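Okay, so we've got the same protein chain twice, two forms, each given alone as structure tokens, structure 1 and structure 2.
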Structure 1
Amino acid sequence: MSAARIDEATLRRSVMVASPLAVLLAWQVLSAARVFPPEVLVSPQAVLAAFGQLTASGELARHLGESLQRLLWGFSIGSGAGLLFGLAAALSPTFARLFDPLFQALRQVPVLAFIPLLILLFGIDEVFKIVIIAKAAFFPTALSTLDGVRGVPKAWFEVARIYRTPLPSLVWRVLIPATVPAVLSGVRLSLTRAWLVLVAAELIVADSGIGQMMEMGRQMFRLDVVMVGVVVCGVIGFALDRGFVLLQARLLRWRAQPAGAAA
């Protein structure tokens, strides 16, 4: 039984490694067989060469460093604000009613449309880019916090009322343990959104960053550089997401006992 399970785990891991490799191989075969002209489908070697070039010149590292720094700031500010907003909206019906329509409407407008206005308010330096990322990170966290807190079974609040549980311990002993999973999944979504929007925002306005590298690649008809950007974006985003999932597992393990105790 246990041997079979180990085998399955190994199989699973090897399949998960093999499938991207298979895609890579298919890409290589397609481009080597010249099914499409090289201007249309860049070969993996060309992408690798461009990658080597960008790494050797330090250009990639510089762009990536800038992007990650922006991500850190924008994500922290945005998801922090989202957490507070979600909590306030969940706990105070008046607050929710005041801001809900604005919140829902703003959420639905792509940040691209706001760029002139954002420039007006925040200038064109780093603050501007961080605000764009923060906007993207804000909504998923706010939404899932709201839902997480709202999704707590009614009975728990009734029990808390019967026992006259004070607000701080209601928050600490009941709300947090019950809502952390939902909130964290929202924060995870925020991280992904922040990363996606960061690159997108850099495509439009920036002097550096991985998005700008891709945009210049497009302007300069260097599709190998664009492809390097696509691959790097995917890999970095994947790593960020995986890292967050590991962190999440850790956090939830730590929270497991109080949650049980409170319930």
Structure 2
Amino acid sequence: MSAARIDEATLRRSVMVASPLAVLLAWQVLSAARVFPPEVLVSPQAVLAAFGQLTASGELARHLGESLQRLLWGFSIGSGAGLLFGLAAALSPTFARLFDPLFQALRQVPVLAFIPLLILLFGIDEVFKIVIIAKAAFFPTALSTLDGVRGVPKAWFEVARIYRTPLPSLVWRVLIPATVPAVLSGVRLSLTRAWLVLVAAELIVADSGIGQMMEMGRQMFRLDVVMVGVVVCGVIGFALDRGFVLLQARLLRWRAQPAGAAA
């Protein structure tokens, strides 16, 4: 690696570290200067102390574990269903004519607008939370899969039809390699939306989870607990996104290889 690339990478890492430190410094200065009352803007030290208390008691781990378990189930179901729906709508004109108008209408409705209806249907138990997370993950994955498959050149399908390629082989050998980048981009967006909707739903109606921990802190006027939840949500969201980016880069590594690299 050249010196210029090393310096560029070092500068990029420095900027990534500098921005959170600048926010933390501004937060400390504002809280120390009492620009806002302590009941409104708690100090970083108070948030750190609350974090230690919640960690020592196991409360933070319990709430976070509940949230991540819901995210796993809801995201898996929603993105899996979105993948199948997008594939079916792209490959079957009849299926698309039947369901595309409903799909386009429902995806314009904010996820949180479905909360009252879902509560009436499923109550406030785990099924409700998983369904609303799945709904958030379904539409970005379905749309990216639909657009990705429709973007495959029609000549490829004609060749597959001439050679009478079975549908499983068509999907595995043609569609997946051609649509992986677009689908992964949609899945990444689905993961982000699922996490945001999960926390929002837990803030509104839940008996556990990181969002409920924040809501209980608000009701008890424990702004330090609320800020712990805010910071943890940001860190978890960032970690999920960065982890998926690394996975995406690994899965797409073959696209960056020269044509004769595998020879």
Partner chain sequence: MSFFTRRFGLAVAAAFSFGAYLALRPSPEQPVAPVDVPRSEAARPAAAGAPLTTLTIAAISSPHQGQQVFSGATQIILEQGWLEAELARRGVALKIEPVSPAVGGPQINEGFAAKRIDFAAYGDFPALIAKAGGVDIRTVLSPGQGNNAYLVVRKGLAAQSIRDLKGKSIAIHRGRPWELTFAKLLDANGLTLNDFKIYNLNPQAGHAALAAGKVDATFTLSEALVTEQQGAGRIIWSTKDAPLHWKMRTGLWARHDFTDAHPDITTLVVAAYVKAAHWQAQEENRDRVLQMASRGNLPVDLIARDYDDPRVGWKDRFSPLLDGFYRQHFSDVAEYIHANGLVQKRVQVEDIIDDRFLAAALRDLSAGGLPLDGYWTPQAEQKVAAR
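Only a predicted model underlies this, so the values are computations on that prediction, with no experimental measurement involved. Residue indices: 1-based, along structure 1. Only the largest set of C-alpha atoms that superpose within 1.5 Å between the two forms is called the rigid core.
Of the two forms shown, structure 1 is the one predicted together with its partner chain. Put the two forms on the same core and the Cα of Arg193 is off by less than 2 Å between structure 1 and structure 2. Once you line up the core between structure 1 and structure 2, the Cα of Gly123 ends up 2 Å or more from where it was. In the core-superposed comparison between structure 1 and structure 2, the C-alpha atom of Ala182 has shifted by less than 2 angstroms. Comparison between structure 1 and structure 2 places the CA of Ser169 4.1 angstrom away from its other position, after core fitting.
Taking the core as reference, the Cα of Val111 moves 3.5 angstrom between structure 1 and structure 2.
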